[in-house]
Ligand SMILES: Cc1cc2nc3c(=O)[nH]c(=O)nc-3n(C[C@H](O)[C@H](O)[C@H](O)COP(=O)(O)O)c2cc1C
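The chain below stands alone, shown as structure tokens; this is the form predicted alone.
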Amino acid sequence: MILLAPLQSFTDYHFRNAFSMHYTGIDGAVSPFISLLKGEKGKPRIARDVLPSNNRSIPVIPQILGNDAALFIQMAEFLHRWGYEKINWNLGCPVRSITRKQRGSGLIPYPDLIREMLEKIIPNIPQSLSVKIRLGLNNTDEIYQLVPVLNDFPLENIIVHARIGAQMYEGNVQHDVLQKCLPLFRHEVIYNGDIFSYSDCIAIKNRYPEIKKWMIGRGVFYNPFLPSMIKGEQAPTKEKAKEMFLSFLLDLYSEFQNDNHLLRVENKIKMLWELFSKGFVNSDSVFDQISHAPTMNDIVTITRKLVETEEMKNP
């Protein structure tokens, strides 16, 4: 089973819908987080990404970010009225503005607070709950304090990004630590972290034969065929891959243009190209050309030219 990772501002419903029109291999997605703030209880505005009418294909598990049990329960009830039977709690976000408020991975050094939250949440929500974590915030010693807390609750699964929060997305995945603490988990563990290629996935599968489910984020942008390749499907020719990639991008652009809530579609597309460009051999040049396009028409023209002329790394 392969899940699409919740990359904030990247893997929203626009991306999920366009991706599913052209590529296969993704079985479900955890949504980018819904942030819980006082005064925002259950308002559709903050949960628009998981509005059922916005999600036409890939099954979605809404993710909630917060440290207020009452607000969490209110949002869970609201999402249940939309038909969601599963939700995820974000204990992994590494962004400093989040962690310093004891949210995301900023909660990991406080296992007693996490226990208190779970004691309130679990009996009072109508859905099953999973959590997404890191190996700690400041150091990997913190994971050994967290695991016994999580083991005491009936969680559906635990998604582990094998870095600490302080690393953000830099440096090496800490495989030695994950391998050491993996037997301590009583729940199913889903692996997340640096699956950028088919060979990456094979190496990680060989390292953790007990793990059967995988979450992929940036790797899907670098090579949209990666999920289907992992599942044993044959990659197309480079010519066919380029044709499909261009069609996907144009449909994605249409998704954005049809959304009246997006004030600057061009800026959104340029942000996504920070990741898409990594799939090209000359990634810096590719991103530079897109980033300097002044209008939507220019973006479309440059996109067609780039996909036609620039060498892609995969499939």
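Note that the structure is predicted; figures quoted are calculated from it, not measured. Start at 1 with the first residue shown and count on from there.
This protein has a second form, the form predicted together with the ligand, left out of what is shown; the following refers to that one.
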In the predicted complex, Tyr169 touching the ligand (heavy atom, 4.5 Å) = yes
Would you please decide whether Gly165 lies within 4.5 angstroms of the ligand in the predicted complex, comparing each non-hydrogen atom pair?
-> no
May I ask you to check whether Tyr84 falls inside a 4.5 Å heavy atom distance of the ligand in the predicted complex?
-> no
Tyr23: touches the ligand in the predicted complex, heavy atom cutoff 4.5 angstroms = no
In contact with the ligand in the predicted complex (heavy atoms, 4.5 Å), from 137-145, 73-81, 217-225, 181-189, is stretch 217-225
May I ask whether Asp12, Ser35 and Arg103 all come within 4.5 angstroms of the ligand in the predicted complex, judged by heavy atoms?
-> no
Heavy atoms within 4.5 Å of the ligand in the predicted complex is the criterion; list the residues of 81-118 that meet it.
-> Asn90
